[in-house]
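Listed next as structure tokens is one chain, alone, in the form predicted on its own.
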């Protein structure tokens, strides 16, 4: 089996090759990048949820004015202002996609950006209506990026208890059936098991994990009380808590009427052996192959267990294992990976992306990505985007990739490179001879660049 190779490392574990950013130097160098300052977030900023919550407050003000003045000039003005706030948030969501592409285009730590997407997908969350439909990027800035190299338990707590997750899975209105709130409402409020089920099935133990429906219900009862207030963010309401102790996976959590039991159960779930294997498997599938070598998963699982779920150790176990460097099995790039690696190979100017208006971003990135099968931050369910190559290698998906490869580069990079140089910029020594030939024999520079990007060699990582 092959070992570390800087070009292959940047293609498989990073954001692709670049003509202006140096190659990875070693496995240690890749791992060191996970603990380095988040310079890309500073250079290409995306607002966090506290700032986004100011938008929510502004919309709430206009909603109240509209409610109290419906049919009047004041009410009509409030409706217009609410619509403006929603439109600005929609536009800014597109700009945040642009910032994400620029982070991937210019980062010296591509593994970091890839992990940010991986964990954002693992903890899929978005608002369901109105303004909060645009809050996924702020959620990732808060819950994911600061926790990439720490303990999985800490990321789990940050993601599960985040207001956007509470809203996405309807936890913020889940009420214990015997709580003071439920009694007061006389049966008009009920408990929701969505978050409890997804925490067990998707976030920790896995769909085949050692839990039962009783565990789901008990965890849902334990989660009651977790809600959200627009002025303060996360809020724990004692009057919504189901009274009594709860037992999850054989362990009983005391009725303390605060969030301590929630933190304790999330800690225990994060340290469970089934969680260790589930996380190792998901990482290996995403970065290495649809059916990764069982020895690789075993090695990563052992690292997780030995370090109490320290993610940096799990990543190190993956990168040090020979199976991670096999070239005979390569995953198909997801649309976001395909587009961003193309942007990186083209060294797209930051100003070109940052000055795009809403229609430009829609035409150049959002609509083509949707044609490839990936509506940005709109996964169909809490299980996120599929990993199987077969989900992305479809007639429509391939057509979308080819059309984008032929049309978008000249929009994103007005000064297209020499195609003969671009082959090396994009694929390095991994470029097969037919791709070199296609780049040199094409009738135009635009066509040549498109052929390189559309080639099977560029489509895989």
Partner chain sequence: MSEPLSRRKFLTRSGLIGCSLAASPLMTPISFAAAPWDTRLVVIILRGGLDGLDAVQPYGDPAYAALRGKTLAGGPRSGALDLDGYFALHPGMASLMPMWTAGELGFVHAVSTPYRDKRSHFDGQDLLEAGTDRLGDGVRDGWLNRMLQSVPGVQADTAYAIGRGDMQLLKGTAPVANWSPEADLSLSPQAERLMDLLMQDDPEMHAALAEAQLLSDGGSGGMVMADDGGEMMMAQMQKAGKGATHRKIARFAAKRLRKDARVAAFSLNGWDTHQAQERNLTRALERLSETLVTLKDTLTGPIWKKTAVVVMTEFGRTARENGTGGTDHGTGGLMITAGGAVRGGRVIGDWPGLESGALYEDRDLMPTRDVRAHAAWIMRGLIGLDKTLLERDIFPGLDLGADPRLLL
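Numbering follows the first chain given and starts at 1. If you're wondering where the values come from, they're calculated on a predicted model, not measured in any experiment.
Omitted here: the form predicted in complex with its partner chain. The next part is about that form.
**Student:** Out of the stretches listed (302-310, 79-87, 383-391, 114-122), which one is close to its partner chain in the model of the complex, meaning heavy atoms within 4.5 Å?
**Tutor:** Looking at the other structure, the answer is 383-391.
**Student:** Answer yes if any heavy atom of residue 96 is within 4.5 Å of a heavy atom of its partner chain in the model of the complex; otherwise answer no.
**Tutor:** No, residue 96 is distant from the partner.
**Student:** Answer yes if any heavy atom of residue 291 is within 4.5 Å of a heavy atom of its partner chain in the model of the complex; otherwise answer no.
**Tutor:** Yes, residue 291 is a contact residue.
**Student:** Should residue 451 be counted as a contact of its partner chain in the model of the complex, where contact means heavy atoms within 4.5 Å?
**Tutor:** Yes, residue 451 sits close enough to its partner chain in the model of the complex that at least one of its heavy atoms falls within 4.5 Å.
**Student:** If we define contact as a non-hydrogen atom of the residue within 4.5 angstroms of the partner, is residue 410 a contact of its partner chain in the model of the complex?
**Tutor:** Contact with its partner chain, yes.
**Student:** Exactly one residue in 398, 41, 27, 56 has a non-hydrogen atom within 4.5 Å of its partner chain in the model of the complex; which is it?
**Tutor:** Of the listed residues, the single hit is 398.
**Student:** Which residue, 364, 262, 131, 350, has a heavy atom that falls within 4.5 Å of its partner chain in the model of the complex?
**Tutor:** It is 364 that has a heavy atom within 4.5 Å of the partner.
**Student:** In the model of the complex, do 23, 218 and 268 all reach within 4.5 Å of its partner chain through at least one heavy atom apiece?
**Tutor:** No, the candidate spot makes no contact with its partner chain.
**Student:** Relative to its partner chain in the model of the complex, which residues of 418-453 have a heavy atom no more than 4.5 Å away?
**Tutor:** The stretch touches the partner through 434, 435, 437, 438, 441, 442, 443, 444, 447, 451.
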